[in-house]
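Take a look at this single chain in structure tokens; it is the form predicted alone.
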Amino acid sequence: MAGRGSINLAFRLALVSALGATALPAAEIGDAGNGAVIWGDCAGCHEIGPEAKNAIGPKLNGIFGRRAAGLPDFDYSKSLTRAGRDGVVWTLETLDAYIANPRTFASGTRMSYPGLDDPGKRADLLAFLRDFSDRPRDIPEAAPTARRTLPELPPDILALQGDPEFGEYLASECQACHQASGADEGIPSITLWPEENFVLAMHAYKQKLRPHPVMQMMAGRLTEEEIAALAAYFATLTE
């Protein structure tokens, strides 16, 4: 097998789709031994293994194939509960996206982990988690159940400088649901979001990667410049 530096996670995910229902062993995802070391960053909040219990975060045994917020005995954030209700399932792709940037994936998550940029390290951590799956024969799952949840955007879109005054003009429709004060009463707060996170989330709805039909419709009506302007405006608000 080639080293993890030469085959990235995106290639592995493409291989999953090509193989259909064939499951890959953990070694084909990443290096579970290295993942056990990376797991140390997670172990302060999560437990895994035969004696695992819910702690600050939920236990992660059998995480693959489980619906987001799927443990009945854990009090999840409203954001992840909504994601599960919308049909998000933890797969190689969704877990990879969540670990890369938790707040882009689920804006109101209570998980304080800032994210892991290195795709090779994420693959190693996923290989470690894979070894604790309840149903290893079913993992990773075949297309079409696996899906991307973050958009692929060219650098020029992420580099757009939004006009906050124009964003304020556009924001009234957003603020029919999202409160400018930052209050979260059934709807996640978008006040003080980092601009890139806002742009990624809106384009995820625009590309129908996030499963919320109303947000898909609203994002689909916005241009790239309007999304950048809204991102700039909400980033300037104070709670």
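Just so we're on the same page, rigid core means the largest C-alpha set that superposes within 1.5 Å between forms. Numbers for residues come from their place in the sequence shown, where the first is 1. For clarity, every value in this text was computed on a predicted model and none was experimentally measured.
Another form, the form predicted together with a small molecule, is not on view; read the next lines as being about it.
Chemist: Heavy atom to heavy atom, is I190 within 4.5 Å of the small molecule in the predicted complex?
Modeler: Contact check for I190: yes, within 4.5 Å of the small molecule in the predicted complex.
Chemist: With the partner left out here, check for me: in the predicted complex, does some heavy atom of E165 sit within 4.5 Å of the small molecule?
Modeler: Because no heavy atom of E165 falls inside 4.5 Å of the small molecule in the predicted complex, the answer is no.
Chemist: Using a 4.5 angstroms cut-off on non-hydrogen atoms, would A52 count as touching the small molecule in the predicted complex?
Modeler: Looking in the predicted complex, residue contacts with the small molecule do not include A52, since no heavy atom lies within 4.5 Å.
Chemist: Determine whether any heavy atom of L80 comes within 4.5 Å of a heavy atom of the small molecule in the predicted complex, and answer yes or no.
Modeler: Yes.
Chemist: Find the only residue in A180, C174, A36, L209 having a heavy atom within 4.5 Å of the small molecule in the predicted complex.
Modeler: The option sitting close enough to the partner is C174.
Chemist: Aligning on the rigid core, do we see the C-alpha of N54 shift 2 angstroms or more between this form and the one not shown?
Modeler: Comparing forms between this form and the one not shown, the N54 CA shifts below 2 Å.
Chemist: Would you say V214 moves its Cα by 2 Å or more between this form and the one not shown, aligning on the core?
Modeler: Yes, the C-alpha moves 2 Å or more.
Chemist: For a quick test of reading the superposition: does C174 move by 2 Å or more at the CA between this form and the one not shown, rigid core aligned?
Modeler: C174: C-alpha displaced by 2 Å or more between this form and the one not shown.
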